[in-house]
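Below you will find one chain, with nothing else, as structure tokens; this is the form predicted on its own, and questions on how it binds or moves follow later.
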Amino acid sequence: MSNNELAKFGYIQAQSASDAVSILTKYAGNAKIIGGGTDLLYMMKDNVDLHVPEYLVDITNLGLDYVKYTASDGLRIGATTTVGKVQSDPNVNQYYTALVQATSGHPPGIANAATVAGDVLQEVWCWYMRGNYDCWRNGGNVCYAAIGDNRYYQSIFGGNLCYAVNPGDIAPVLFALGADVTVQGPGGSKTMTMEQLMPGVTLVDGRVTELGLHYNELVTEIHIPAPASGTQSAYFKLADRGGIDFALASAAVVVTTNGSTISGAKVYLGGVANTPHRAPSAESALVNQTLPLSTSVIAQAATNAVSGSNPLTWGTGNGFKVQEAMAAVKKALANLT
């Protein structure tokens, strides 16, 4: 079979979330959920062996395409909602600036197909994994990126078996906003924090992943609490090709203010670790500071944000990502008013 030619697969349209779980359970890891499919179909066309399912389980007709907001509950986004729909929602624009910025800039073909849950749960873009090397994620026992070409999509904050970074734009924002997700599994529905959903590289169902989902579980909804009075947020990413590319480094920032003084802060980095990386020392540098922030405060927070970084030096090395992470933090903080 040549590249870009799909292998044969079965197609099943789920009738409910519990039906989808039953199908996933029946095929025991040989079936995968499809919503937008912008990442999954890419891997199927490239015949990434361990990640090509025998069956696709379609969940696009389960009523999970929605954006709902109330002042008491906050924002609820169905799993199959497209990033374009989120970006254009008036309540998202009014209350969740960072989420608007994280879902903006995509060309229409991506914005109108890619789903919010898919962006969060997509596979890493390490070229060794996607090139069918026998790395940890493909069932092997080595991380080629740790000693090879690790310029773009590998961690500067260490790794556990795998150094590939989570590639999505939305996950760092969800961490910073204190989001949680609803997950349907064999035991019914449950709620998971973002930290539980994306704990960092570990073994789940016998394979290396940074996600805490089992093969027969699926995310059905994302919930973001209503922001407290005086909350501001911002997101900024650096990428080679803008909206169509993945972050070399990104930053999601959320601050709560009392008047113009910052009383609380959350800073998460994207594109630099296996899972969105919290920077508590950067947060400490922001508390009790006055908006708009001075250049010296911004510079100190950016420096603190990369404290503890340990870029790879074997192979090509990726030390430049430290400076890019700092630049992303500076740009995000400069957007706060």
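All residue numbers are counted from 1 along the displayed sequence. All values reported here derive from a predicted model rather than from experimental measurement.
Not on display, but discussed next: the form predicted in complex with a small molecule.
> Of the residues M194, C162, V124, A117, which one places a heavy atom within 4.5 Å of the small molecule in the predicted bound form?
Contact check passes for A117.
> Does the small molecule come within 4.5 Å of any heavy atom of V219 in the predicted bound form?
Yes, V219 lies within 4.5 Å of the small molecule in the predicted bound form.
> P107 near the small molecule in the predicted bound form, any heavy atom under 4.5 Å?
Close contact exists here: in the predicted bound form, P107 approaches the small molecule to within 4.5 Å, heavy atoms only.
> With the cut-off set at 4.5 Å between non-hydrogen atoms, does L238 touch the small molecule in the predicted bound form?
Answer no; every heavy atom of L238 is more than 4.5 Å from the small molecule in the predicted bound form.
> Quick one: does F246 come within 4.5 Å of the small molecule in the predicted bound form, counting heavy atoms only?
Because a heavy atom of F246 falls inside 4.5 Å of the small molecule in the predicted bound form, the answer is yes.
> For the chain seen here without its partner, which of 225 to 233, 109 to 117, 84 to 92, 131 to 139 has a heavy atom within 4.5 Å of the small molecule in the predicted bound form?
Checking each option against the 4.5 Å cut-off leaves 109 to 117.
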